[in-house]
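Below you will find one chain, with nothing else, as structure tokens; this is the form predicted alone, and questions on how it binds or moves follow later.
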Amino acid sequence: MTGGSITPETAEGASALMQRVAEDADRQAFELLFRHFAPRVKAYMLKLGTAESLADELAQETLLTVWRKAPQFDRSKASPSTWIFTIARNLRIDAFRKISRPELDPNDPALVPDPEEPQDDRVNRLQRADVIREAMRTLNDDQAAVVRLSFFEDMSHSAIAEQLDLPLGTVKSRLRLAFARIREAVGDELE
């Protein structure tokens, strides 16, 4: 059965053509729908500020979706034009989401995991950590607190002074004395 004298200019005509596409995969009925709606969908896309090349692509994709999903069209819920423009709107939204969230490049250095640490470097790092931990035990409580806040909690000297209710100069002196003591305890072991 062909599109015949039925045209998509009216809701009834468009519904009849949609029914033929849905039930019989009628190519002539689809061609009439395509010729009628493709330019209108493209104009709609352009009106929304879509670039012309993307508007063309989205109009074609919209009508391709109409062809594939014609059996899902329900004339009791919407007119063919409403259904087609809803498809177009959703495809446009999807396209802009894809543009604003580009695909990830698996070779991007930020996404490539760091190479595994060589075993001898790992052993050396752990040994240094043990030596420093032992040296930290030689500090008095005041010096250890200042070192812990500065290096393990990443606090500024002024923030440490405020938290411990100490003058800034005292915080700096305690850090200087702590480093001297750690250097003395570690000696040549870290070289």
Partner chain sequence: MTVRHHLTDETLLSYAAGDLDDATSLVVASHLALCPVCRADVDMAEDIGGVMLDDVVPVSMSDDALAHVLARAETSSRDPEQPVEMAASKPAGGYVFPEPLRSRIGGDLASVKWRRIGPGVQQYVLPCRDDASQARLLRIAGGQGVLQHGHTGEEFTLVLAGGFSDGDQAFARGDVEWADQDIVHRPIADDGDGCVCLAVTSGPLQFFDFVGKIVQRFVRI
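Numbering follows the first chain given and starts at 1. In this text the structure is predicted, and so the values were computed from the model without any measurement. In this text, rigid core is short for the largest set of C-alphas that superpose within 1.5 Å between two forms.
If you look for the form predicted in complex with the partner chain, you will not find it shown, but the lines that follow are about it.
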>> If we define contact as a non-hydrogen atom of the residue within 4.5 angstroms of the partner, is Ser150 a contact of the partner chain in the model of the complex?
In response: yes
> Does the partner chain come within 4.5 Å of any heavy atom of Glu31 in the model of the complex?
Replying inline: yes
> Even though the partner chain is not shown here, does Leu46 get within 4.5 Å of it in the model of the complex, heavy atoms only?
Replying inline: yes
> With a 4.5 Å heavy atom cut-off, would you call Ala161 a contact of the partner chain in the model of the complex?
Replying inline: no
> From first to last in sequence, which residues of 11 to 48 have any non-hydrogen atom within 4.5 angstroms of the partner chain in the model of the complex?
Replying inline: Val21, Ala22, Ala25, Arg27, Phe30, Glu31, Phe34, Arg35, His36, Phe37, Ala38, Pro39, Arg40, Val41, Lys42, Ala43, Tyr44, Leu46, Lys47
>> Could you check, with the core superposed, whether the Cα atom of Lys47 shifts 2 Å or more between the shown form and the other one?
In response: no
> Against the rigid core, is the Cα displacement of Thr170 between the shown form and the other one at least 2 Å?
Replying inline: yes
> Once everything's superposed on the core, is Ala38 shifted 2 Å or more at the Cα between the shown form and the other one?
Replying inline: no
